[in-house]
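A single chain, nothing else alongside it, follows as structure tokens in the form predicted alone.
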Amino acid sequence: MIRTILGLCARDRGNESMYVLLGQHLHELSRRQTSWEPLVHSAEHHGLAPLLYKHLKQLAIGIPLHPRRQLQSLTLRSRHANAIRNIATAEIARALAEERINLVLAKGIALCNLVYSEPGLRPMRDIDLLVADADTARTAALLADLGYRSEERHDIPDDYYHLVPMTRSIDGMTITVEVHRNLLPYHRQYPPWPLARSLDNGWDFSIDDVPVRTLALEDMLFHVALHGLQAPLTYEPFRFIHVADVVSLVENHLEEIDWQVVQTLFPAGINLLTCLHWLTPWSESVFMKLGLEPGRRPWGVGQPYSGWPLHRFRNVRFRQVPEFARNTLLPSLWWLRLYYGRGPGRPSMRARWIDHPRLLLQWLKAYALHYIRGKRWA
């Protein structure tokens, strides 16, 4: 029930179908549970508290006093934090421009300013800067001049895709900055993404009147889908803020996105967007523009992957083995279609019986090779 409500609220702008369903599920939640606390805590974990609060206010739902104050506090906190992050980002962008260091802003700091109707609706953990590999040392030095310091305890190697995070306190709040030499982790499931890939075709905007650049909208859609919804199986399961990033980007920039470019860049994109319809229904304009055909509702809507190798065998108790095996070999049809970008019918069966077993086999081979190498050099 809670995941269903969060899924519906994973968007900036609501629509009539979404609000009808949200009202029904909130009524059912009130009937079944005496406390709203689990919903609030889950919303905070998924980075969705401000959006949940926004949509509850839109519906004029009677929220008990304590959870209402919690959601309001989380919303105000996110708004204040992102205002400070914008100030910090503008200062950094100005300093890098003076030194002629090319910069592309990525992830949360770009999304909150371009995709959402107000920056505070999109909580984030840090500010992500993508620069050329040759400029990472200079960028870190400039950040140090601005008062940022590298984290002392870390296990990040020198050839990692981003530098050691750097932090600074501004108005009593800790600002964390990650300097990336590659936008995504170096992993076989991800394409290489250095600065050169997005510098010339980026999207220009401004933060506090300072000109900045982020990914082109088509690249942004590809990136947030890969990073948030189709990450390697060992990474943390998707959070609903990642759904909100994709849905809000599509709904708020539907006519600006070049969908032919998206189809070339991300052939599975339309199938992924179709799957998200079962979490939070698309507006009529999206259906008409993209020609979506959802088909029958797949089972397990909203359920993330919970098998191996995300969870390890050694942490599974004997009585949990059957469930663990089922979660590994037979995850929900909705997740399979989302993760492998397959449509309904035969393509979804391909995800079930070909794509997923093949990926598990690749992981098994990788772990076996790692084990053998460890033994060889021990």
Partner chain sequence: MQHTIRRKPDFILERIDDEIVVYHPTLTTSMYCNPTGALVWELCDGSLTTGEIVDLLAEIYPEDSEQIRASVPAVIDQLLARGMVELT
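Numbering follows the first chain given and starts at 1. What you see is a predicted model; the values in this text were computed from it and never measured.
Below, we refer to the form predicted together with its partner chain, which is not included among the displayed structures.
*Asks:* Wondering, does R346 line up within 4.5 Å of its partner chain in the predicted complex on heavy atoms?
*Replies:* R346: no contact with its partner chain in the predicted complex.
*Asks:* How about T136 - does it come within 4.5 Å of its partner chain in the predicted complex, if we only consider non-hydrogen atoms?
*Replies:* Close contact is absent here: in the predicted complex, T136 is far from its partner chain, nothing within 4.5 Å, heavy atoms only.
*Asks:* Can you tell me whether E236 touches its partner chain? I mean in the predicted complex, with a 4.5 angstroms heavy atom cut-off.
*Replies:* It does not: once its partner chain is placed as it appears in the predicted complex, E236 has no heavy atom within 4.5 Å of it.
*Asks:* Quick check on G172: any heavy atom within 4.5 Å of its partner chain in the predicted complex?
*Replies:* Contact with its partner chain, yes.
*Asks:* To verify the annotation, which of these, R352, H45, H311, K57, has a non-hydrogen atom within 4.5 Å of its partner chain in the predicted complex?
*Replies:* Residue within 4.5 Å of the partner: K57.
*Asks:* Have a look at R317, R326, R69, R32 for me and say which one sits with a heavy atom within 4.5 Å of its partner chain in the predicted complex.
*Replies:* The residue from R317, R326, R69, R32 that makes the contact is R69.
*Asks:* Tell me, please, which stretch of 141-149, 71-79, 90-98, 253-261 lies within 4.5 angstroms of its partner chain in the predicted complex when heavy atoms are compared?
*Replies:* It is the stretch 71-79.
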